[in-house]
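Let's start with one chain on its own, the form predicted alone, as structure tokens.
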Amino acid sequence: MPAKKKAAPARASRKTSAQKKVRLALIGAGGMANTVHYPSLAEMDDVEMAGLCDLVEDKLHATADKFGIEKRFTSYQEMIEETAPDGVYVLMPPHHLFDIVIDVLSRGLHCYIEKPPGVMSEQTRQMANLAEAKGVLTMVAFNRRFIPLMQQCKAKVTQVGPLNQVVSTFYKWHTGGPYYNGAIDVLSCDAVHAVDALRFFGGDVVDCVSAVRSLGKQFATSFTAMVEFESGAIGVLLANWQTGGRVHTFELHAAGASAFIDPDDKAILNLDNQLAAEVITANEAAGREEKYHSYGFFGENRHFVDCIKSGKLPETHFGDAVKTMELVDMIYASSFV
């Protein structure tokens, strides 16, 4: 195990330097690519967007034109061979992800993917195993961890004392059918953001009890869980896709400090029995008004590039993502209804 972990820094330092830009080959020209990931990379002077691949040529050329990407491909294998990148972005639907990621890792290339990291924990586990064996760096885009407002609130509350309770809430009004026509479930695909945020705040989970319900649909839409962290703190997940509309909020509690966080708007901190002792807006925390900055997308992309340059394992590497997907499994397995 130690020998494998040393391999990643060696490869990263060989491929990059202070003078050399990090070369990234990009697979996917969809909505997330165009609105948050590629705008973030385009702002980085130390990144070269070496090539773009998409099967839909209209999308391929529109996106490449938008971000000034010269080399364009409909075959990702051809793109990798021609551009010789340091790392590859794989921004694909979850049920199209696994084979491409395995191929990228097998080539010994660093790899960045959107959430979810596969359609089940076993896919995530096998990707993590191969990444470790190949000594490459990987990252899953769990952007909530990189929201400046979330990071600042966690630091402020834990400075007062250790967390004793965490609440992660995600509500939506979903009128459609199952995700990707049933290729993946709601909790693994979308509400997984709330699951991963629990782990970001509370750490590793040792126990779980839950209620998973369908609420009139032919697939699970409601997930209520209480988890115990290794620290002894308690976490609560409230996720429901049959509600009045989207609400995505978090609570952090320690003896003498609380934070009530709406990452789309602001956080209210109660300190030493003083309500609203501090109020921080999302834009103030980020120092920018663009959504891809205030909502953590720039931060997660910057983190991946910095990790390639330093050889450091990214925070949300595939091995860590396994733990989030295992918590998804625990929520299903522990349901009492």
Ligand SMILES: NC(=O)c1ccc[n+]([C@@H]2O[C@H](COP(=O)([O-])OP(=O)(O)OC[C@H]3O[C@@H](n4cnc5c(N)ncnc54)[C@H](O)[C@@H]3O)[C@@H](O)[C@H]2O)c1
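A residue's number is simply how far along the shown sequence it sits, counting from 1. Values in this document were obtained by computation on a predicted structure and should not be read as measured data.
Just so you know, the form predicted in complex with the named molecule exists too; it's not on screen, but the next bit is about it.
Q: Would Gly296 sit within 4.5 Å of the named molecule in the predicted complex, counting heavy atoms only?
A: Contact with the named molecule, no.
Q: Taking the named molecule as it sits in the predicted complex, is Arg144 near enough to touch it, meaning that at least one heavy atom pair lies within 4.5 angstroms?
A: Flag for Arg144 set to yes.
Q: Is Tyr180 close to the named molecule in the predicted complex, meaning a heavy atom pair under 4.5 Å apart or at it?
A: Yes, Tyr180 is a contact residue.
Q: Using 4.5 Å between non-hydrogen atoms, is Ile100 touching the named molecule in the predicted complex?
A: Yes, Ile100 is a contact residue.
Q: Out of 207-215, 109-117, 231-239, 158-166, where are the residues with a heavy atom within 4.5 Å of the named molecule in the predicted complex?
A: In the other structure, the partner sits against 109-117.
Q: Which of these residues, Ala277, Met32, Met44, Ala62, gets a heavy atom within 4.5 Å of the named molecule in the predicted complex?
A: Among Ala277, Met32, Met44, Ala62, a heavy atom within 4.5 Å of the named molecule in the predicted complex occurs only for Met32.
Q: Report the residue, out of Ala257, Ala128, Ile80, Cys189, that has at least one non-hydrogen atom within 4.5 angstroms of the named molecule in the predicted complex.
A: Among Ala257, Ala128, Ile80, Cys189, a heavy atom within 4.5 Å of the named molecule in the predicted complex occurs only for Cys189.
Q: Enumerate the residues of 258-279 that have a non-hydrogen atom within 4.5 Å of the named molecule in the predicted complex, in sequence order, or give none.
A: Counting only heavy atoms within 4.5 Å of the named molecule in the predicted complex, no residue of 258-279 makes contact.
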